[in-house]
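Okay, so here's just one chain, in structure tokens, the form predicted on its own.
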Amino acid sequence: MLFYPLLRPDRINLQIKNKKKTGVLKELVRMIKGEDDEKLVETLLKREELGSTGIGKGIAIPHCRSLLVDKLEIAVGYSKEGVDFDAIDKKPVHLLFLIVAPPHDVGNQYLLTLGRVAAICQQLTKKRKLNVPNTPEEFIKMIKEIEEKIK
């Protein structure tokens, strides 16, 4: 399974403005839902209570299952300044991959996608600094190139 075909330019924001976890989750959810969805944000925050999805090295993968979506949904955000996301390494998060899926998704795409994003993040963090492109299209191209290397 490849991740890059699931990415859409209109769901990639490389200029996240919020600096707090809740605000950033709202920005990401708005890209998926087209509007504010407090229930989905609440579900994501409840998932965060189990343990931060800030995996370290400037990356977070907030995720949940929810009846509020009928298929796997993905949004990506990047904050140059960084976001306080309670990451495991206590450092600010810059790159966020939001993954939301219905409770019963065909082929268990949710878990496969989480695994694929984790593999991509390993490659992204091999360098000392995250180098994120300037446009959503360039970001998708970068992810595609990474996936071609890790097939």
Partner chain sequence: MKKQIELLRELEEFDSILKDFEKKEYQKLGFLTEPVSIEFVKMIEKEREKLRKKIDENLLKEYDRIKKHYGNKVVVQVIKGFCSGCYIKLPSEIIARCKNEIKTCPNCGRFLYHLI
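Positions refer to the first chain, counted from 1. Since the structure is predicted, the reported quantities are computational estimates derived from the model, not experimental observations.
Here the subject shifts to the form predicted in complex with its partner chain, a form of this protein not shown in this document.
Remark: Leu95 does not count among the residues lining its partner chain in the predicted complex, judged by a heavy atom distance of 4.5 Å or less.
By the criterion of a heavy atom within 4.5 Å, Asp89 is excluded from the residues contacting its partner chain in the predicted complex. Contact annotation: Asp70 falls within 4.5 Å of its partner chain in the predicted complex, judged by heavy atom distances. In the predicted complex, at least one heavy atom of Pro103 sits within 4.5 Å of its partner chain.
Ile55 is the sole member of Ile120, Ile55, Val29, Val83 with a non-hydrogen atom within 4.5 Å of its partner chain in the predicted complex. Contacts to its partner chain in the predicted complex (heavy atom within 4.5 Å) from stretch 101 to 122: Pro102, Pro103, His104, Asn108, Tyr110, Leu111, Leu114, Gly115, Ala118.
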